Ligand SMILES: Cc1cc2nc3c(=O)[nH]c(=O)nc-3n(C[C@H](O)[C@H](O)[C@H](O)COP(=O)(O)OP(=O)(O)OC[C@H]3O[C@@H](n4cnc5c(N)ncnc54)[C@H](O)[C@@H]3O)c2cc1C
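Only one chain comes next, encoded as structure tokens, the form predicted on its own.
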């Protein structure tokens, strides 16, 4: 049973309230995916943990569904005819350069926090997009440009402040509410609203990286993956095997053709950078080579705030990408009828793999390669066709590793949950969920209570 909201009453309690009739409403409810067009009953921008507790109380009082928004990349960040708890005003940063730590509020984006810590020659790894909110990416794991050298984002979380379903504001770490602290490091937003994180920072002065475009053949794709796997852990790569858009730095003859658009990030001794990068340049004559010394922040180019693509994507892990697998990828990419088809390959390992699988709720520590299969299209009516393409593609290249990365899972069912979390991990997560959110108030996420056993 739900109770009708009184917007005037809510405005007396909260300073930053956006209702459907307000001019700011459409912008405030828009998330990155272009096929999400939900209209919440109210959007409340909070400024502290007490505000968060009050919004939680409002959701319980009214019975309306609650969505929590940090950066807005996730399809789960907005809810139809419910309450959106928006953290985007919470951007406080407290850096302790001597201890190499930072307390960061969950409304920050990756580029905002990265830019602030780099002023002290320090950084923590997030993903590969500057506009992503640190809240969502951290709670799911955090696979980015420093994954091989320093591990996942969650491997650097020392503590957190969280508001639970009962409105309690808790400070959690390895010694306080250790079960909850374990769960938020990979278990997503199932257990409460994290309002700030304490991160261990790493030394970071300059990087060497950027974009390298290569022709896509079975040989070049397999060679790129092999070189990425054998490279020093100071290098992390993302290889996008994709239909080339009309990019100004790419010769026109390659527009619309399948190429490798790779992002490389080297953060070791700059004197060794050229030696580490050269094997990738040797794979084939580059179609574009934009690799150079840079600030680590330059790895996150500016995003277009008006870009809201229609896309279908599937996530998976692979054991290997040899020439045979690469040929299958090229065949399926060539068979897509969308505007752009992409297979994104991230070679993992390194520091990420040295953390025990049960140390956090992210358990896929030994996975070799993460793959994301995606197609961008124009007509929403064609979505089923592109979903069928993605499903068939995934089945064709599935190998022994059946795991998936929870941050890249949009449609959540029992099958997806079991891929995101091994049985022992999922069982433990559900125990924590039952303790801290027994009524499943926090269900707009990759929800672990959907299929309780």
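Since the model is a prediction, treat every value here as computed from it, not as a measurement. Numbering follows the first chain given and starts at 1.
From this point on, the text means the form predicted in complex with the ligand, which you will not see here.
For the chain shown alone, residue 185 is not a contact residue for the ligand in the predicted bound form, no non-hydrogen atom being within 4.5 angstroms. In the predicted bound form, the ligand sits within 4.5 Å of a heavy atom of residue 189. Residue 425 falls outside the set of residues with a heavy atom inside 4.5 Å of the ligand in the predicted bound form. Heavy atoms of residue 32 reach within 4.5 Å of the ligand in the predicted bound form, making it an interface residue. Although the partner is absent from the chain shown here, none of 317, 325 and 403 has a heavy atom within 4.5 Å of the ligand in the predicted bound form. Taking a 4.5 Å heavy atom cutoff to the ligand in the predicted bound form, the contact residue among 216, 87, 146, 321 is 87.
Only one of 123, 193, 104, 154 lies close to the ligand in the predicted bound form, with a heavy atom inside 4.5 Å, and it is 193. Of the stretches 208-216, 129-137, 255-263, 165-173, only 129-137 has residues with a heavy atom within 4.5 Å of the ligand in the predicted bound form.
The partner is not shown here, but in the predicted bound form the stretch 73-106 reaches within 4.5 angstroms of the ligand through a heavy atom at 73, 74, 76, 77, 87, 106.
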